[in-house]
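Coming up are structure 1 and structure 2: the same protein chain in two forms, each one given alone as structure tokens.
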Structure 1
């Protein structure tokens, strides 16, 4: 019998399906690796397992008993803990305080009994070969690798029997990775169930007892170690994108033209190193890579938000060095951010304010005076052009559907005559119909002569809109070429570092 078993787990966010009837069982004393491309549903599944969100349907069983998690604390009480690639810690508190946060040992007068807390921790620190002197140090003084070990010790302190590791080695050194794997082997030998999420296929034979591949929110298959090859795993991860050809043939005259926008040997460690993108006008260049590949950070450096340490940025053959997004916009660069709620929308402002923010100067009639009638007319024209459904331009944008919010954000950037427009996750979290609309807008924008960059973790999207694709992994460009030339499996293989990954053209 599995220590933890999920049956028929489904989850939707609005009109977007995240999980579709997922079944997963993990036994005590085994490491079960969970693989999947960006957007496959791994993070949603982990949020359900840790009690952060509830499934729409399906059953979770612990030791054979059906459980409904009320909140993350309830999941912890049932023996579930998670260790993430970027540890969730209180950096200003000591290691000991982090270990007991929210569960301090207190005396009768409510005073914290630090000596008792330290004594309780000691057995777990010894099991993980951690020096007890660390307990008094602030968490901020520890490396990421040691912060992860502290969280593992915290999980053991709280009697966790099911420990989830979410991309734990993505920012660890080789020595730290070896140490983590040794600890996971000891945890497994001690009878704990380990769920291990990774995109590094080379780790699978080192650590997995079983591997499950998630594709488009559904289980593509579960296999024992050694039962499936790396090539077969890549094929499963590519999923429906394998048969997804580009919607239109590439425009060779545009895609092979002299680049209007380039980053050459650009570096900003630890995010990316020696990256070169050559972006022609009149074409869509797709940038694909897994989370942490550095794709968004390169765009932010070009847009003046992140300061590079080396390399150069060129626009129309001229070296530029924007010191702020404001300066980048003045130079002719636009950037639609990946998180519309936190980075893009003026959520409590009307649609009119959101649609006209980038062209406001056209409606200034005198100091401190705006042509409000002109702004309303412009907002109505934009709403009509981009099929934004709202009662009127004064509707507060946060009250609209996610798809209409995203079309509004796209329209704001597309309405200004930029030389280069970078679109970071332009269709994340919206329904299929609206996604198709935005794809058509993107292709029309490129056809008008704009150099368009689409950064996306949605492989079918990259194949649908791109004339050329650049693939990034771990802060470097690892492949580039025509979508038909690379193919879905070749793009995924390059992104995960599989042996059969295509090489970057010389």
Structure 2
């Protein structure tokens, strides 16, 4: 009998299906890897498993008994713990206190008995090879890797039998990763069930007893160790992209032309090192890479938001060093940021303000007056050009559908005469129809001579729009070439670090 067993778990958000009947069983003393691209439904699954959200349908069994989690505490009490890549901590409390918040060991008067608490965690700290000196230090003085270990110790302390790791290694160094894997092996040997979520293929043979591949919210297969080759896993992960042929009519001549924009040997540790992108005009360069591969940071550095520590950025052959997005825009660079809500939207402001935020200076008339007629006209023009459905330009953007919001942000950048346009996840979380629309706009931009960069972790998207593809992993460029030559599987293999990955052309 499995220690934990999910069957038929389904979840929708709004109209979008996140999980479609997922089955998963994990035994005690087993490490079960959940493998999938971004957006495959991994995080939704964890949130269900930790009681943060409830599934629409399906059952969760623990020790064979069906359970419905009332809240996260309930899931915790049933022995489930999760370790996230960016741990939720109390920064200024000590490590020891972090582990015990809400469950302190107290004397009769309500005093916190630190010695007793320290004694309680001692065995677990030993098991994890953690120095007990750490206990008295503030959590904020620890690296993320150590913070994770502390949270693992906390999970053990609370008798967690099922420990979920959510992409724990994406911001760890190699040494920290090795240490983590050794610990996971020990936990597993101690009879716990480990669910390990990752998109890094190379990690699978190192720790997995079983691996389940999640594609587009559904399980596309569960295999035991040794039963499946890396190649087959790649094929499964790329499954969604099969049938999505690469661009039918690429523009290789344009893509082979001299780059109009390039970053050369650019570095900004710890995000990325020695990255070179050569971006030609009149073509779309797709940057494929998983979250944490440093791709957005390269864009932010080129856009003057992040200060690179080395390398150079060239536009039309001249070295540029924008110190702010404002300066980058003036130089002719545009950047559609990745996170719509956090970095893009002015949620409770009218569509018109959102569409024109980056070109206000063009509408300034003396004395300091903004040309409202012009702005409204511009907004109307953009709305009809990009088919943004809203009652009028003064509609508050928050009230629009996700797809129309995204089209608005896309249009904020696409409707301006930029030399270079970097689009970061231009279609994340929107419906298929709008996605296709945006893809067509992207192709048009390239056809009109713009040097377009599309950063995406959505492989079909990269294939659908790119003339040329650059693949990034862990802060480096790991492959570059024509989509047809690389193929869906080649791209995924490079991005997840499979052994058979194609090499960067010399």
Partner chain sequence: MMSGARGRTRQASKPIPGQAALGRFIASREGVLLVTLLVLGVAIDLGSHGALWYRANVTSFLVDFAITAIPATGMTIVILTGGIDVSTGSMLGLIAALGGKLLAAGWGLAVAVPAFLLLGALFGLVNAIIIIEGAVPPIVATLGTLSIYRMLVFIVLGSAWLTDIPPVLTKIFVTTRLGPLPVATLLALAVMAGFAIFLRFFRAGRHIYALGNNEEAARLAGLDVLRIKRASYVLIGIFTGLAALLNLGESPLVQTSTGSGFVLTVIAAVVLGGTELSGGRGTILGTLFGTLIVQLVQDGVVLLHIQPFWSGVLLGLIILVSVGLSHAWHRPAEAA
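Residue numbers count along the first chain shown, from 1. Quick caveat: nothing in here was measured; it's all calculated off a predicted structure. Each form is matched to the other, and the largest set of C-alpha atoms that superpose within 1.5 Å is called the rigid core.
Colleague: Looking at the two shown chains, say which is the form predicted together with the partner chain.
Modeller: The form predicted together with the partner chain is shown as structure 2.
Colleague: Against the rigid core, is the Cα displacement of residue 349 between structures 1 and 2 at least 2 Å?
Modeller: The answer is no; the displacement is under 2 Å.
Colleague: Using a superposition on the rigid core, decide whether the Cα position of residue 107 changes by 2 angstroms or more between structures 1 and 2.
Modeller: Yes; that C-alpha moves by at least 2 Å between structures 1 and 2.
Colleague: Does residue 362 show a Cα shift reaching 2 Å between structures 1 and 2 after rigid-core superposition?
Modeller: Yes.
Colleague: Once the core is aligned, what is the C-alpha displacement of residue 143 between structures 1 and 2? Give it in Å to one decimal.
Modeller: Its C-alpha moves by 3.0 Å once the cores are overlaid.
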